[in-house]
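Single chain ahead, by itself, as structure tokens, in the form predicted alone.
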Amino acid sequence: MENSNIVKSGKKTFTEEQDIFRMNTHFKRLRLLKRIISHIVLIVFALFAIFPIYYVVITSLNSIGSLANATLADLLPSARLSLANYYSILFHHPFLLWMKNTLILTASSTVIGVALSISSGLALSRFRIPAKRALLYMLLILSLFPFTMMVIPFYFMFSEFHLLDTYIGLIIPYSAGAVIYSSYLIKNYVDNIPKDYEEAAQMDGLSRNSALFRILIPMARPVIVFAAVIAFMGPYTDYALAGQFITSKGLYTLAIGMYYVSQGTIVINYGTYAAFSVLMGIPIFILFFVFQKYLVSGFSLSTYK
């Protein structure tokens, strides 16, 4: 009897082990299937995201006059691809002059706008200001309006001060636009930094202003870099304001130059337009690649409250 019980218990144990093995095999197959499906979905989304970039690059290497003349074969690599559009932009047009003008405007407006944003963001976060809540709501509401709404008011106002067709006439509104968005952004980020660091610095002998600029600003570096990149992107890609304010060809920016170069007799020359887009996007790509660590941190932590 005892031996039979042992055999039965042994058979039961063996059966349980088989069930466990089957369950493990089932879960492994299910996990593998889920992984395959997730990879397929990710690959589809990646192709969907990369296709516009591929389309612009392949179009820039083709001699497509317009989209009406484009065929499916033009979207595939072939022996007809050439750098003629890039050669025309770089050597038949003052591309470097337009780049210099754009960098002067963007660098000046970014430095001024970010400096004012840092001061205003720190003040809104750390100091008691009368009607602070109303000021914050005003900044938030102003940031929701599109910048193109201010083109006509700025045009009439700056024409009275003879600031049209000048660098200053563009630097002022670009800097103001950066302050409206970035000051609220920096304020929200600084609110999440404990005041203990500043208080400890003051106990070590620093003044309050020194503690703010020597302790708080380095800790807020991610959001400051994020604000600087956003402030750079606006003037760098803007056409609505620059296209109305600038009339001299010697002061053209890249956005105006793109419109000027890509205009054909009737329709837009999309090959040249795409090539100009690629050249114009290289500095932005380098900027995002260099500061990607700060951009991810600033974007994830600097959300509206």
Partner chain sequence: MSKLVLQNVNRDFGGHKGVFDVNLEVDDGEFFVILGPSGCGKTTTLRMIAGLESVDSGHIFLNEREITDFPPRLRNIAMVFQNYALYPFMTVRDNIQFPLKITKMSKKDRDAKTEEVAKLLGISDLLDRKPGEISGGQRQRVALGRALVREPALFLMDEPLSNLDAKLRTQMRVELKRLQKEFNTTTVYVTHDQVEATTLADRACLMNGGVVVQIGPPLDLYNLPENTFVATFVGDPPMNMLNGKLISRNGEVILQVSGASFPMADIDLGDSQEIEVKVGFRPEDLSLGQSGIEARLVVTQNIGKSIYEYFKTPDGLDLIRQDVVGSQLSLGQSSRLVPDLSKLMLFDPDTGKLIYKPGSRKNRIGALQ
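Residue numbers count along the first chain shown, from 1. Not measured: the values here are computed from a predicted model.
The same protein has a further form, the form predicted together with its partner chain, not shown here; the description that follows concerns it.
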Within 4.5 Å of its partner chain in the predicted bound form: all of E199, S207 and M219, by heavy atom?
yes
With its partner chain left out of view, choose which of L139, I230, L163, I215 has a non-hydrogen atom within 4.5 angstroms of it in the predicted bound form.
I215
Interface segment, criterion being heavy atoms within 4.5 Å of its partner chain in the predicted bound form, picked from 91-99, 104-112, 191-199, 222-230:
191-199
Is there any non-hydrogen atom of M203 lying within 4.5 Å of its partner chain in the predicted bound form?
yes
